[in-house]
Each structure stands twice: as structure tokens, then as C-alpha cells.
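The form predicted on its own is given below as one chain in C-alpha cells.
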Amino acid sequence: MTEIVIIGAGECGVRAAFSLREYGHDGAITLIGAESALPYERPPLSKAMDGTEKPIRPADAYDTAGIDLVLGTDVARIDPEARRVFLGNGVDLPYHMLLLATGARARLFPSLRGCLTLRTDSDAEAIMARLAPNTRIGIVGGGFIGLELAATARATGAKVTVVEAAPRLLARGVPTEIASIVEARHRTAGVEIRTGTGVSSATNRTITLADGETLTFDAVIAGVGSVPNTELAADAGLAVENGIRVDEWFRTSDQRIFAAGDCCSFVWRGTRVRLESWKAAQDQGAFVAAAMLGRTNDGGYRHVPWFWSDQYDQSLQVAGLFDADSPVQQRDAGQDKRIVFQCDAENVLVAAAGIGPGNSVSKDIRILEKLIERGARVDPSVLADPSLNLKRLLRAA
């Protein structure tokens, strides 16, 4: 029987393992995770932080599906010629095909050593232990993770300061029109925000700004992005380019080794990208499982990048990838909501974003996501008109 080994038991790896069974693979599947905990969802780590883990699948589901789940085990190296995976405990496993779903780790520059970071359940526990009324929390980075942590910390009564080097918050991937609403909501909640402010160094208790000023806190958290875990791939001689380089079917430079999730870079509509997204991990996990079994279409991967963030009473959703140098149009969505979108030079819809209370923008963003997936051409002035029925537009596409 065909043996498939998956390295990485996060959202992507787990989705791939179960999808292989759903697509009819009856050979051995071994899923290897470095953490000892049953594979769990990571989005709640920065949003809920209630101390409970949400398993991706219940423990007995792995046995039922015939998936050999190996936890608390590091992979030492891969031998592509022998088609074997060597574990840190001395055990080695043969494979017919291999999937690298090794994810990413929190980025921590040398100048930020000592700061807390958020990537695992143990990281969340360490942060949660420091959140209490009137504790002073410093956050380096005004991206999704930093701002979600800021909202969570304020909910506990902590005093929060966010320091961001860029001129505005959420500078990567979110238009100014949406980011300004997020910033205003944080300021209303009492968060001190310093944008356009460089950080020369930070410790677990201090942030020293580029101008020499030092801020003192009870805890400092660094949320400055992530680094793809590519070391195993590089050591095995696989191509690496801002992640493990894969083709449109998520094959690496070795045709029997695939990569998916946060660890890989792939081409989406002519641009090589790497996504850090729960939804992308799910989509890619299912797609790569089909690809490994030769059950994909000839067009390759087509899922639209999709992100979301819950902060306070607001939900932010983004579909597609915005070009920071191109204009953004606004669609009137009502007093408490805002929806923006972007078209390319041929009026093909390429990106959309919305923010509002609860799930108030979810339906509209979902329709716009489908339009992006279909490569729909739209008249921006017509799409901006709130009287246009989006469902009717989707049917016409």
C-alpha cells in the first residue's frame, strides 16, 4: 500500500490527512506533530484566550480514519533519495509521498529577545497569566496578531500600548479606509497607539524607541510577523523562496514531496505569495491531498485568499490581495459597516474588505469572494452603488 507521511499536525496537515481518506486513499497515513497536545485550532489563541484548546478533530477520529498520529516528536531530517523521514527519537519512516505542513514560527528579531510571542497554546498561557486589571502591556507590531491581543488585553482591564513602525496600522493587506476604523475603535477602547514609531530594542519589560525613549511595562509582546519553517526542506535540497517553493499543484522541486500551509510559497494569479491564514491552511490541505492522489483539475489551485479578525465587537474580513499602489473603491453598506473593493486595469475584481459589528459584512464579502474567484469583470461605479443586488451580480457572472 502507498505510504504517505505528513510532517506538521496543524490545520493544514490535519485537513490533508482526513482529505486523503475522503478522496479514497487506503494506504498508510502517518501524521507527525512536534507538540504533545492533540492538534488544536490556533485562531482562538489571540482572540478568546480563555485557557481552553479547541481540537481540530476529536482524538478518536484519527483512529477511526486509520491515521497514525505521532505527537511530541521532532523530525531530524529527510532523505529524498531513500524516501525516508528520520525522527528525533531515532525512528525512521519510509514514504511513497511526503507532505511538508511545517507551518511557521513567530518572528523575533535579535533586538526583541525576551519579549513574549504568540504561536502555541503554551505561548497563550504565558500571555494570559500577565493580563489583569491595570497591568501595563506593551505590544510591538500593529498587525492582526498585535491588535487582537490588544483587544483581548483591554477586555481584562489591562492598560495597553501598541507601537507600530509603519505610518498606520495593518499596513500589509488592509486598505487605509478599513485600518482607520480599526484604529479608531482601539483608541475608543483606551489603547494608546504610536504609529510611525520605530523600536530599537525591547525586553520582557521595556520598549526602547528609535528616538531613545524607553517605555516600561509589566509585559511586552512582540507581534511582528512570522518565519516559515523551511529548514527541513532546505536541508533536503528543496527549493526555498520565502517559504518552500511549490508549483500550482503544491509539488516541491522533488516530485514526491509536497508542501502546503504557512510554510510554502505558491503562485496565485501570477504572483508568488505566502499566506498565513486559517482558511488558506484548510483550503490548501484539502487541495494538496487531492493533488497527491492525482485528483485535481488542470487549472491548479484557485482558492481566493481570505482573512478575518475579530476585535472588540467588530469583525474584519478580507478576500483577495489588495495592491497598495492601486485605487480602492467604497460600497455604501450602512452607518455601522464599511465595504471597500479593488479592480485591476481591466475592471476584474481582485480584492474586497469589510468591517462591521458581528457578522454584518459576512454575506457581502462572501459574494465578493466568489466574484473574485470567478474573475468577474465589474463596473466599479456600479458595484459601489448600494442599490445593486450582489446576488444578482453573482448569478450574472
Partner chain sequence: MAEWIDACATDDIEEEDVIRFDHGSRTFIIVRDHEENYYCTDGLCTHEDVHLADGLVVEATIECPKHSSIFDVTNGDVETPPACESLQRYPTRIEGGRVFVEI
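Numbering follows the first chain given and starts at 1. What you see is a predicted model; the values in this text were computed from it and never measured.
Below, we refer to the form predicted together with the partner chain, which is not included among the displayed structures.
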Report yes if any heavy atom of Phe322 sits within 4.5 Å of a heavy atom of the partner chain in the model of the complex; otherwise report no.
no
How about Ala65 - does it come within 4.5 Å of the partner chain in the model of the complex, if we only consider non-hydrogen atoms?
no
Does any part of Val350 reach within 4.5 Å of the partner chain in the model of the complex? Heavy atoms only, please.
no
Against the partner chain in the model of the complex, would Lys279 count as a contact residue? Criterion: heavy atoms within 4.5 Å.
yes
Any idea which of 314-322, 178-186, 79-87, 211-219 reaches within 4.5 Å of the partner chain in the model of the complex, heavy atoms considered?
314-322
Note which of Ala28, Val328, Ile367, Leu69 lies within 4.5 Å of the partner chain in the model of the complex, where distance is taken over heavy atoms; exactly one does.
Ile367
Enumerate the residues of 57-92 that have a non-hydrogen atom within 4.5 Å of the partner chain in the model of the complex, in sequence order, or give none.
Arg57, Pro58
